[in-house]
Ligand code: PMP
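The chain that follows stands alone, in the form predicted alone, written as structure tokens.
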């Protein structure tokens, strides 16, 4: 090893879902929305001028935070926006998790949390989920340097009731508690309702799932103004211009169309509930999903074998080669037509 190699930071990186390079695939592996964004956003996407490319974007992202404020009935100072919720969470880790005490997140959860913790040299501990993949709230009563968890959880799709969230907040009022709500719109009650009671709460959401904007990379945090200012101070110390002009423009337009938003959510939820019936008939079991995906296992067939068979049919689902969940598949909810092709392939495999 050369001397300079000793100073290179070595991290086990996050592994994203596979992005197929072939055409005509059914892509059910990365929890994208199968429907297009709202019409207003598509129209705004066509309106380019030279200034969008030539000028720096607004570092305060005002056009977007104002629309978010209108949607939620809050002030724009209650919002922080970033390049996807991953960027927002990364900034939150750097801003709030600076204690010598370990932060806490579940042992089965979004695998980026441990990557950020390792990257920023943040100690952490991972309480185990119970036998039904649910949080054990009492495990979070221990002294810690902060708490973070998704709700619904990923990859299990399990929604914790708001009472559990509040219980964890009540027992952790001296640290920041982050609730990662990437999938909350598909059937959950948001912790935003608790912001008035708990000044140490930060809620993170995204445009990638319910709003069909994964490719645009827009995420946001909602919290008290002191928390948001602290995040902006860190952001301005790293990169003042995180959100490009195009994203700000299109993102601001998509918020306004509530009717289209609700229609799309209804379609996905209906398809999800039908998928639960179909998959049960095929012998799969799974935790009850309140997200836009289902976390399935089969008593007779190995998840990896099913994964490989579906891939041979150009149907991509997510397989995790991780202890404790290595016999599960995460299946994103697609259109009704896409799901029917999935059921047909699964029936062929089982036969």
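What you are looking at is a predicted structure, and each value in this text was computed from that prediction instead of being measured. Positions refer to the first chain, counted from 1.
Not on display, but discussed next: the form predicted in complex with this ligand.
Put simply, residue 102 is far from this ligand in the predicted complex: not one heavy atom of it is within 4.5 Å. Not displayed here, this ligand is kept clear of residue 223 by more than 4.5 Å at the level of heavy atoms in the predicted complex.
Contact check for residue 211: every heavy atom lies farther than 4.5 Å from this ligand in the predicted complex. Interface membership of residue 86, defined by any non-hydrogen atom within 4.5 Å of this ligand in the predicted complex, is confirmed. In summary, among the residues 248, 154, 176, 265, the only one with a non-hydrogen atom within 4.5 Å of this ligand in the predicted complex is 154. Taking a 4.5 Å heavy atom cutoff to this ligand in the predicted complex, the contact residue among 79, 140, 110, 124 is 110.
Contact with this ligand, judged by heavy atoms within 4.5 Å in the predicted complex, is confined among 128-136, 225-233, 181-189, 271-279 to 181-189.
Taken together, the three residues 14, 206 and 217 all come within 4.5 Å of this ligand in the predicted complex, as judged by their closest heavy atom.
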